[in-house]
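One chain is shown next in structure tokens, namely the form predicted alone.
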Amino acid sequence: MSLDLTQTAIQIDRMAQELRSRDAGRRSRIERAVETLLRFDAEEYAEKLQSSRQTLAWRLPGVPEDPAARHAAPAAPDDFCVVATDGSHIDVDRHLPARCFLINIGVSVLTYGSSSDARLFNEPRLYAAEDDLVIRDRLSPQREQVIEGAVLGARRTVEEIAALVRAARDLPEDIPALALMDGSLIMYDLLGFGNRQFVLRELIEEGFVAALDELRRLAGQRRFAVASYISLPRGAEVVNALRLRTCPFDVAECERHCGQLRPGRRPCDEGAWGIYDRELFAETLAPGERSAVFVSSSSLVADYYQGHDVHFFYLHAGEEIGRVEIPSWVAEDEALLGLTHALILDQCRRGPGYPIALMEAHEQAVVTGPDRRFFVEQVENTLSGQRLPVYSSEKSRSKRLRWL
């Protein structure tokens, strides 16, 4: 039986009415948040953050400059290059006759100016060997982590930045360049694996951070920046900073002072509860402008990124407020920071409000429904051709057959 569209439509209508009733209160909270931002004292915030660091209930950023600052984009250079990667994967499926997964990395290399060029390609890789499917603790080989789900997502992120390094090495050295990833530079997929240090060590330190080291080395040889772009970001770190500034207590001990209060009823909620950073900066930034640069306080970065602090800013890209994340060595170099701002804005204007290099990389990376069906059939046919046992669950078979 198909979805009952009538019942679904009724429920959607109820949802819309509920959202509309919340909108007036949300609008007033955004206005109060903007007022707090405009009178924000960064020194007082830093002092309160230091005294409250052990008792806070939310993640807060470092604020090294006036958070209400607005920066116009510098002009993009006449000649430049943007390289971008994105990835997709086919996860391990227990219904398949072989345990394996596939990662497909899409790469786009776009060169603008006097020698304009475009290279688009993808790099699929099948993981099926025993050592490919798990991460083992070198100090205790019987401890292992199967690569699937969130861990597979993290492995794909490592493959994306590794492909970025390979592509960046081949860029022309005489023109400025930007290496661009989709999503966050912080490997949030691994937040729940703090009790498995060997997983974090292999994927973050030996994988992602090693690639950042190589990108920084390349930046020492030429004008070269690295960034990631997040479309429709759901971050609220800057809003959380405003909450700390409006906290009425000398030390923000969230659990002791307000642990018994519902969200929306706490003193700090009045001008900030339930809103995102992008909504705040939509009120203050003009098209093309970026916000101040903030510093992430993620524990993953502090513990595993080996000095590659992650900074971020918000950009009014024309169609949306996007979040741009950059390593500390880009944030601390005014020329590279300006290049990042200029080229991402240029990419958004050339594309449909989103960096066109990332859009092209995504098109190369995407694995479609027919691709997935072909993959399954190819696995089964190849195993059968090699006279290996081919088996599948009845559930998997039933999805391919029409019974009634």
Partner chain sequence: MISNPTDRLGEVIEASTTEFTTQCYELYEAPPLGALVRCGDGPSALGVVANIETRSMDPSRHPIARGRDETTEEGVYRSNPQLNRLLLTEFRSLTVGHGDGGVLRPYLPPQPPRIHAFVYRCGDEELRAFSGSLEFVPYLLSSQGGASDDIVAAFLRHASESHADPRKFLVDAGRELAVILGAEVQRLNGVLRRLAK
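Numbering follows the first chain given and starts at 1. Since we're looking at a predicted model, the values are computed, not measured.
In what follows, reference is made to the form predicted in complex with the partner chain, a form of this protein that is not presented.
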Among 128, 120, 302, 210, which has any heavy atom within 4.5 Å of the partner chain in the predicted complex? 120
Looking at 88, 111, 145, 298, which is the one with a non-hydrogen atom within 4.5 Å of the partner chain in the predicted complex? 111
Quick one: find which of 128-136, 184-192, 214-222, 103-111 has residues within 4.5 Å of the partner chain in the predicted complex by heavy atom distance. 103-111
Answer with yes or no whether residue 356 is in contact with the partner chain in the predicted complex, where contact means some heavy atom within 4.5 Å. yes
Residue 62, heavy atom within 4.5 angstroms of the partner chain in the predicted complex: no
So in the predicted complex, does any heavy atom of residue 338 sit within 4.5 Å of the partner chain? no
Answer with yes or no whether residue 370 is in contact with the partner chain in the predicted complex, where contact means some heavy atom within 4.5 Å. no
Within 4.5 Å of the partner chain in the predicted complex: residues from 198-220 (heavy atom criterion): none
